[in-house]
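A single chain comes next, written as C-alpha cells; it is the form predicted on its own.
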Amino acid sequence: METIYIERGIASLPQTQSILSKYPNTRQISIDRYTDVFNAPAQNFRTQKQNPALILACKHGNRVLPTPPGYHIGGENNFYFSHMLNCIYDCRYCFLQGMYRSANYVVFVNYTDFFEDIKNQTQRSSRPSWFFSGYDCDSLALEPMTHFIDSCLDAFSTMPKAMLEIRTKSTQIRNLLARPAIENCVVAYSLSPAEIANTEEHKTPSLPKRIAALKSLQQHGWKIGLRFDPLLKSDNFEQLYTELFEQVFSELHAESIHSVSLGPFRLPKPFFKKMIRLYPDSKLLAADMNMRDNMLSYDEQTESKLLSFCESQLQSKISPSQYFPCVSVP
C-alpha cells in the first residue's frame, strides 16, 4: 500500500492512529471528505485494483440500514452496516465492481458510532434484531489492520437482543479463536465450487482453506453459517456443486451449523453493463441473461434448475429449519 488518505476530522482518533502505526513508511495525505477521492471522476477501476489506496474516514448519516426483502436468516428485524467500502478480493461476479467508481478501500474509523446506532435500533423492538456485516466489503479480510470485528464483538456481547452475522471469505480468524464465542454471533462463509472459485474469485483463500477456517471456528464454539451465494452456471454444474457439498459436509458437523442459504446470480443492469466493460472476456458475464424485476439474471428455467438441484442435495445434509433461500440482490 503506497498511499493513505486521512480525513482531517478523524486524524486523532485512536483507531486512526492504530491503523497508521502499521504503515509508518506509507505516504499520508490529508483530505476534507473521503468522497473527494472515492467519488472523483475519470478513475480507472482496473488500474486501481492492482494497487489500491486506503482512505480513513468518518461515516455520517445512516450507518444502519434495512436489508433488502428476502435477505435474512430467520429474523423479522434485519439490518446491515458497512464499516468499509470495497473488498480486497477480486470476484468477477461481485456487484461492488459495478457500484463504485473507485477500487480504493474506505475504512470508517468511527466504530463507536456504529455500535451506538445498533444499540438504538435494538431498543425499538421487543424482538431480536439481526445485523449483517460484510454487505459492502468482506468483514474479516482487513481485520488484522482494522480490528473492527474485535471491537464489534465486544459491543455485541453487551447487547443480547442484537444478533450479528459476520459474512466473509477470509481466513483471518485469529482474533475470533483468541476469545470465547458469543451466543449472538454467526460467522458465515461464502462458498463456491473449487473450480469456479479458482477462475472467478481472484485473490480469495482457496475452498479447502475456507472449510478449514469454518472447522476451526466450529470447534472453538462459534456458530457458523454457509452461504452458497451466488449460484453460478457452468457446463458441469451438478458435478461441481455435488463435490462442493461433499467437501463441506464431510468436514463440518451439520447438526451444529446455524444456517445455510442459497442465492441466485442477479445484478442491477447498470452494474452489469459496467462490469462487462471491465471484463469483456469474462465467460461468466458472457452467459445468457434475462431482465426480471429490474435485474439481470439467468432465465427462470435455468435459475430454477440451479436452485432445485442444490436444494435437493442439501435436503439429505441439513434440516429444513437450517435452510434459508436468499433471493434478494443489492
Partner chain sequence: MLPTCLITALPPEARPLISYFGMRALSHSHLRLYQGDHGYLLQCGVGKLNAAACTAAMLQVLPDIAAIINVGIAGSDQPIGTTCIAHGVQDQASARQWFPHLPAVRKLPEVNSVQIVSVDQPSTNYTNDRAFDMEASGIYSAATKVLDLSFIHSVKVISDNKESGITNVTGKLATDCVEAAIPTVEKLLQALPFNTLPETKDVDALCLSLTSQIHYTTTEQHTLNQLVHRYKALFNTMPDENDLLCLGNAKSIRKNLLSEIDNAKISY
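Numbering follows the first chain given and starts at 1. In this text the structure is predicted, and so the values were computed from the model without any measurement.
We do not show the form predicted together with its partner chain, though everything after this point is about it.
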Item to check | Partner-contacting position among 212, 181, 88, 240 - heavy atom within 4.5 Å of its partner chain in the predicted bound form | outcome: 240
Next on the checklist: To verify the annotation, which of these, 146, 104, 97, 190, has a non-hydrogen atom within 4.5 Å of its partner chain in the predicted bound form?
Outcome noted: 104
Checklist entry - With a 4.5 Å heavy atom cut-off, would you call residue 60 a contact of its partner chain in the predicted bound form? => result no
Item to check | its partner chain contact in the predicted bound form: residue 64, any heavy atom under 4.5 Å | outcome: no
Checklist entry - Any of the heavy atoms of residue 293 lying within 4.5 Å of its partner chain in the predicted bound form? => result no
Next on the checklist: How about residue 196 - does it come within 4.5 Å of its partner chain in the predicted bound form, if we only consider non-hydrogen atoms?
Outcome noted: yes
Next on the checklist: in the predicted bound form, does every one of 31, 47 and 236 come within 4.5 Å of its partner chain, counting any heavy atom?
Outcome noted: yes
Item to check | Option from 32 to 40, 262 to 270, 65 to 73, 300 to 308 whose residues, in the predicted bound form, bring a heavy atom within 4.5 Å of its partner chain | outcome: 32 to 40
Next on the checklist: Suppose contact means any heavy atom within 4.5 Å; which members of 51 to 80 contact its partner chain in the predicted bound form?
Outcome noted: 51, 52, 53
